[in-house]
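In the form predicted on its own, a lone chain appears below as structure tokens.
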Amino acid sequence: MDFVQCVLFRFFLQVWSEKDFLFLKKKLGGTHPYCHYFKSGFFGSGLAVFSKHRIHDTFLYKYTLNGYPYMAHHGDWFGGKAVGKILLNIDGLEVHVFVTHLHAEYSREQDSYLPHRVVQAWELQNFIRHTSAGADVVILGGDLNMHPTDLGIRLLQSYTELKDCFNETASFDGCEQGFTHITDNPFTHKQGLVPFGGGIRIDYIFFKGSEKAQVSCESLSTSKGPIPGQPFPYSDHETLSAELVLYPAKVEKGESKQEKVCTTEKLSELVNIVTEARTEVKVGLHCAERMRYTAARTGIMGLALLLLELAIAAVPCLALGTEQNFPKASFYLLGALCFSILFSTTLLYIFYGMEVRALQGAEDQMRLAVGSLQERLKEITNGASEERSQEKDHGDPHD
């Protein structure tokens, strides 16, 4: 069957400044004349897409949860994690391309950011499903910071039915097992990768077709080592490149019994995955509520000390002739300390309150989703039972 068009993109996921984007735009202008920069970070960082095809529309969605601002050494909160979408038209086919970067995992054993990353994966699949309902082709590329079997990846793929290029490609050339974060890279923290055999796969390209177009992954490759002629690589992650081919879709008639059984199994699996995700979100919710309570209690203590200092300062004014017993410098320093405690804990209380509400909102959405999935599963099961009953009733009476 003749293919419609070979789709080639370049994804530069996290660009730390607009200056970097302009540099890349200049260098890639000859081969990828169309580009867009999604500005999402606190200091100008964001997401960028470079394409050979004209970009007709764009949209950016920022995740509601993205780490903590006081964890400045991690930088995720300041990086502004988000998902960007561009709309392309390739030979009459409407192609929706998504690019994203999720929160990093800094500790596999004690991952305090897991609830945030699960919520980001939940919002990502919701964003893709609700904005690409009429798409002929959907492509997602990104640093998801999750292993292939992690909860967030299973949640994303089960809901969106996106296919992983690594599992679907006809030809792969790259690091062992598709690793994109390897110990050989001089920019990586090698100690954290040793337990995983020297590398992990956390960067992905996903795709899916539609009733109008089929998609296949002809080849997938990763970079291996430094830039040609240079002693260093492009990034702390190996670059990931895929060649996708679009075909006219086959016309299918009706739904077979085998497909119905497959649909039932997928729904059951999806119910379990969403339930697991809901459990992780609840864990994060309890932790956020505890931190909000701690911030409130500490703030009350700071307020009490500040009021005590004000009362001591008011003594000379109320009792004429009484001198202040405390040295002024120490008195002012203690007052500044009490005020800073009160101010910082107030900010933390507001921040944790926002986190609590975001987690509650995600948990509510997941609860409704589980109920809806269970209802669909029940309808399919009842429908299958009725079909079997009708077949039995219409069978040969002599059998």
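What you see is a predicted model, and the numbers here were worked out from it, not measured in a lab. Numbering starts at 1 and runs along the sequence shown.
What comes next is about the form predicted together with a further copy of the same chain, which does not appear here.
- Only one segment in the set 119 to 127, 191 to 199, 230 to 238, 277 to 285 has residues whose heavy atoms sit within 4.5 Å of a further copy of the same chain in the model of the complex; it is 119 to 127.
- Although the partner is absent from this view, residue 361 contacts a further copy of the same chain in the model of the complex, with a non-hydrogen atom inside 4.5 angstroms.
- Among residues of the shown chain, residue 70 is not one whose heavy atoms approach a further copy of the same chain to within 4.5 Å in the model of the complex.
- Shown alone here, residue 56 lies within 4.5 Å of a further copy of the same chain in the model of the complex, counting heavy atoms only.
- Within 4.5 Å of any heavy atom of a further copy of the same chain in the model of the complex lies no heavy atom of residue 92.
- Although a further copy of the same chain is omitted here, in the model of the complex none of 108, 299 and 303 has a heavy atom within 4.5 Å of it.
- With the partner omitted from this view, the residue of 341, 334, 354, 28 that lies near a further copy of the same chain in the model of the complex is 354 [heavy atom within 4.5 Å].
- A heavy atom within 4.5 Å of a further copy of the same chain in the model of the complex is found for one listed residue only; from 264, 221, 210, 131, this is 131.
- Taking a 4.5 Å heavy atom cutoff to a further copy of the same chain in the model of the complex, none of the residues in 169 to 183 make contact.
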